[in-house]
Every structure is written in structure tokens, then in C-alpha cells.
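Let's start with one chain on its own, the form predicted alone, as C-alpha cells.
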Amino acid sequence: MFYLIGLGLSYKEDITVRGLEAVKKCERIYLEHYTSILMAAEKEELEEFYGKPVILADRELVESGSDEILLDADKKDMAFLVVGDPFGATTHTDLVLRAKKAGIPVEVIHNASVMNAVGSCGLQLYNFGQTVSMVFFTDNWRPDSWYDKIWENRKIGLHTLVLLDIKVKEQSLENMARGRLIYEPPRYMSISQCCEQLLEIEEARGTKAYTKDTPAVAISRLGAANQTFKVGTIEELSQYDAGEPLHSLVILGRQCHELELEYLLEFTDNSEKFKKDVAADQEYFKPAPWVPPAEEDDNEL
């Protein structure tokens, strides 16, 4: 059996009972180590908790070495551990498809992820639209395909969850070109950097999918004991120090329910200003009133 097991958001104990029972009977255990990290548990702690060695699976191994991961999974139990929920990244879906094509039985054991735990900031999950990812910009690579998705969400009034980039076991272009297996220190995008990039692309696009005054929610270390939330405009959050990673951001949509707003006010030092910012944003994105089409004149037919 090939097990795809979600670990939850932060602690080694966040794994489900069923997931832990599966891990303990597996021959090999891989930990996916590039889309996210467990904030409160290191590899060595997991190994002690499971009573078994854990193999770190970087992007190259998962995307190019699936045969190695799935080796003998048709005869023995193997586990692939994913921070959050197993289907939080498309590469995990690809791994399941490869296993099924090879005739390997697959069992998926789900867990909490940022996609549902984001509701702890007070915003209702069914008011969210498409989720987008914000990657680190470089001098010659500043992708902005996510902008159109935010615009689509905003036009129909929905909130947008923005997932912030992490870089684990990444090579510099020079080391990659020279074939040197030297890796850069891990990097985690901050709320402030994400907001700076949002503002840069809005200035370049100029179509106002959002503005510097658009309200947003900064989320830090979701699921950990020291998780924090902060609300403000995108411009204000571009100056915000969100502390240690991991971070994510929510851009508010026009349909911000009064109960959502009441909850969000816990995370601001200036409630009156934030209420005004939300009201102004809702007014700006309010759809035009519906006008019935003019009736055709039978005499003109």
C-alpha cells in the first residue's frame, strides 16, 4: 500500500490517529520538504515520535524520482507525508496517478491545511474564491498571472487567500549552471514583501483589481501556539513585521459579512479606520445596478 498522509499544520502530534497507525507499519517514510514545513517539529523529532527514520523528499525527488518513492510499494507499505493536507499541491496528485498506473494500491489520509484553517481569522470559508500563490520576484522574473485571479474574485465579491513562497534546498543560478550541489539557505516570504509585490504589479497593470487602500488580513504561523492575525490596508501591511514564518495573506472581497467584520476588528488598533476602509472598498467594487434590456419595437421588425 502507498499511503499519502497529511500531517496538519504545526506539531508532530497533529497527525491523525489513523495516519500515525499507518506510518508505524510502513517500510519507508518520505517527508515532502518543499511546499511547506512543520513549524514546531524537526525531522529528528518526527523520527523519535514515529520510531522510524524519515527520508526528506525535495522537489527534485518528488517530481523526477517518483519511481524511487514508489519502489516496492506494491509489495510493502510506504508512506509519503505532507504538511497540511495531501492534496495541497499538484505534484502530490501526480504521484497518486503514477501509483495507480503502476497498479499500486493507494490510501489517502487527510488532515487540516491552510485552506480550511484560514477560517480561524474570522472570515467564512464559503466566501473565498480562487487561491493564488505569490512567488519571490527576481531581477528578470516578475510573474503576475495571479493578478487576474484576484481580479476575478474581487469582481464577484469573494476573499482571496494568497499563499506565500518558500525556498528550501534551492540552488543559485550560478551553482545550477556549474552543476555544483550547493544550496541556498532556506527563505520564507514575509507579509511585507508579498504586499510590496502586490502594489508593484497593481501599479504596472493599473486596472485596480485592488488598491493600496484595499483591506487585507496578515496571518502568521497558522495552527501554532503563537499564531497571530493583523488587519490593515495592503499599504499598511507592506510595513508590517509579521515575525517568524510561515505567513499567508487574505485580500478581502466586497461580500464581507458584518459578523466577519466584527471578528476582524479584534486584530486592529484602529477599529474606526478599518471599518471605513472596508466600507470604501465595498462601495468601490459594488456592481452596477441591473438595467432591464429595452423592449424591441414590433414596428421595426
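Since the structure is predicted, the reported quantities are computational estimates derived from the model, not experimental observations. The first residue of the shown sequence is 1; numbering continues from there.
Below, we turn to the form predicted in complex with a further copy of the same chain, even though it does not appear here.
Does each of 14, 101 and 129 have at least one heavy atom within 4.5 Å of a further copy of the same chain in the predicted bound form? The answer is yes; 14, 101 and 129 each reach a further copy of the same chain.
Considering non-hydrogen atoms and a 4.5 Å limit, does a further copy of the same chain approach residue 105 in the predicted bound form? The answer is no: residue 105 has no heavy atom within 4.5 Å of a further copy of the same chain.
In the predicted bound form, does residue 274 come within 4.5 Å of a further copy of the same chain, counting heavy atoms only? Taking the distances in the predicted bound form, the answer for residue 274 is no, it never comes within 4.5 Å of a further copy of the same chain.
Exercise: residue 152 in contact with a further copy of the same chain in the predicted bound form, heavy atom 4.5 Å: Output for residue 152 is yes: heavy atoms within 4.5 Å of a further copy of the same chain.
Would you check, heavy atoms only and a 4.5 Å threshold, whether residue 73 touches a further copy of the same chain in the predicted bound form? Answer no; every heavy atom of residue 73 is more than 4.5 Å from a further copy of the same chain in the predicted bound form.
Listed residue (220, 190, 111, 197) with a non-hydrogen atom within 4.5 angstroms of a further copy of the same chain in the predicted bound form: Among 220, 190, 111, 197, a heavy atom within 4.5 Å of a further copy of the same chain in the predicted bound form occurs only for 111.
Options 85-93, 138-146, 210-218, 197-205; stretch whose heavy atom lies within 4.5 Å of a further copy of the same chain in the predicted bound form: Going by heavy atoms within 4.5 Å, the stretch is 85-93.
Members of 111-125 lying within 4.5 angstroms of a further copy of the same chain, judged by heavy atom, in the predicted bound form: In sequence order, 111, 112, 113, 115, 116, 117, 119, 120, 122, 124, 125 come within 4.5 Å of the partner.
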